[in-house]
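In the block that follows, a single chain appears as structure tokens, in the form predicted alone.
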Amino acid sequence: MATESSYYVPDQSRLPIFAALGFGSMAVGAGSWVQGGSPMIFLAGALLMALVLYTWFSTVIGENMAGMNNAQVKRSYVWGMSWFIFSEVMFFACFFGALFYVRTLALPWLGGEGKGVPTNDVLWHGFEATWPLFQTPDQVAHGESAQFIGPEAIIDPWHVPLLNTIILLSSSVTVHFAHTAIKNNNRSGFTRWLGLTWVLGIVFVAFQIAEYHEAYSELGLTLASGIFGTTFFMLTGFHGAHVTLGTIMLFIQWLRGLKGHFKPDDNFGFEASSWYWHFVDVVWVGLFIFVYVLGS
């Protein structure tokens, strides 16, 4: 049993309250933004979250450098990061599940399969259940006046998506090399490989921005282009946000490495970031297969 002298209890903090306000503002602001509202609420929430994370991480790093983190606290960090990544797994599982439901169950039913009323003949005469969905049921029923117009084309998986897959898989290798380097007390190798990793993260996000620009400006593929556009942007957009966050985390660890913060047996801040990075890489492989390749 832990004793009072071995169990570290942090000081009271208002940061969780501000974090909740920031996340809530981002959620409300994002919902308003995609409906044509102002992005200011979202940006204000994002700024508040950035300040909270900066303050929180600075506090934790300062406590670690001061030797306040005993073995029990370090175990709590491991469990905390493990549960956080598990929650992210469940988060993406919901969206992959929605994609499976739409393609395997809902879309065939809308196309008239199964028992009962031939839905496509009664409600949307002429609608064909194909994926990707270039012509939505709403478009079949109302023509050009429909609220949801299907895309004219979709992203070719064998160009930018394939390149981004190579980039992310390569970054998993470089972050592993960085981990091996710090374990061997090779600080120059650590900063070199970790620096290359976060640069690859930036390149990935830059290519995704270019892909989104092509989708909106040339392909008619938007959030409003039916269920295909919605699932495409929800899955790839949230993943892109996770890559952005992971890149920031690795950049912070790189700066810490330049300052000599890590030791071969004490580098969990970097390890936690690398776990997160491997997670977003695995999610991308699933996206590439189920959204890009099988969705084309």
Partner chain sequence: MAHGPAKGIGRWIFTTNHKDIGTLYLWFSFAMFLLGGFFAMVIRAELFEPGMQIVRPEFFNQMTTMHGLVMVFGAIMPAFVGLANWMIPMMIGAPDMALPRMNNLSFWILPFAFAILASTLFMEGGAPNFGWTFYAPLSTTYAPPSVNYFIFGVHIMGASSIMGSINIIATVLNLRAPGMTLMKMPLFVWTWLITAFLLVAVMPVLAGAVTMMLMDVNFGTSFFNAAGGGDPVLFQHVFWFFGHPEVYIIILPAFGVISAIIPAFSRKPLFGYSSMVYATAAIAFLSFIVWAHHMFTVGMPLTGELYFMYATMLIAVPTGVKVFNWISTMFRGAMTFETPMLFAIAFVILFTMGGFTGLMLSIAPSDIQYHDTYFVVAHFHYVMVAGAVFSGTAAVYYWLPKWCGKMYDETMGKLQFWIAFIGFNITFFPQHFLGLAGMPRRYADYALQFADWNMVSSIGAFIYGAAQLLFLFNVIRTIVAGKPVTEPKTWEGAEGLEWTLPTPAPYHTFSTPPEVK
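The term rigid core refers to the maximal set of C-alpha atoms that superpose within 1.5 Å between the two forms. This one's a predicted model, so the numbers in the text were calculated from it and none came from an experiment. Numbering follows the first chain given and starts at 1.
Not pictured, yet referred to below: the form predicted in complex with its partner chain.
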Original post:
Should residue 17 be classed as touching its partner chain in the predicted bound form when contacts are defined as heavy atoms within 4.5 Å?
Top reply: yes
**OP:** Would you please decide whether residue 95 lies within 4.5 angstroms of its partner chain in the predicted bound form, comparing each non-hydrogen atom pair?
**Re:** yes
Subject >> Interface membership of residue 63, its partner chain in the predicted bound form, 4.5 Å heavy atom rule >> reply: yes
**OP:** State yes or no: in the predicted bound form, is some non-hydrogen atom of residue 200 no more than 4.5 angstroms from a non-hydrogen atom of its partner chain?
**Re:** no
Original post:
Each of 177, 247 and 295 near its partner chain in the predicted bound form, meaning some heavy atom within 4.5 Å?
Top reply: no
Original post:
Can you pick the one in 241, 34, 255, 50 that has a heavy atom within 4.5 Å of its partner chain in the predicted bound form?
Top reply: 34
Original post:
Exactly one of 213, 159, 125, 75 has a non-hydrogen atom within 4.5 Å of its partner chain in the predicted bound form; which residue is it?
Top reply: 75
Subject >> Interface segment, criterion being heavy atoms within 4.5 Å of its partner chain in the predicted bound form, picked from 168 to 176, 130 to 138, 191 to 199, 205 to 213 >> reply: 130 to 138
Subject >> Interface residues of 58 to 94 toward its partner chain, as seen in the predicted bound form [heavy atoms, 4.5 Å] >> reply: 59, 60, 63, 72, 75, 76, 77, 79, 80, 83, 84, 86, 87, 90, 91, 94
Subject >> Large Cα move at residue 260 between the shown form and the other one, threshold 2 Å, rigid core >> reply: no
**OP:** Spell out whether the Cα of residue 24 moves at least 2 Å between the shown form and the other one when the two forms are superposed on their rigid core.
**Re:** yes
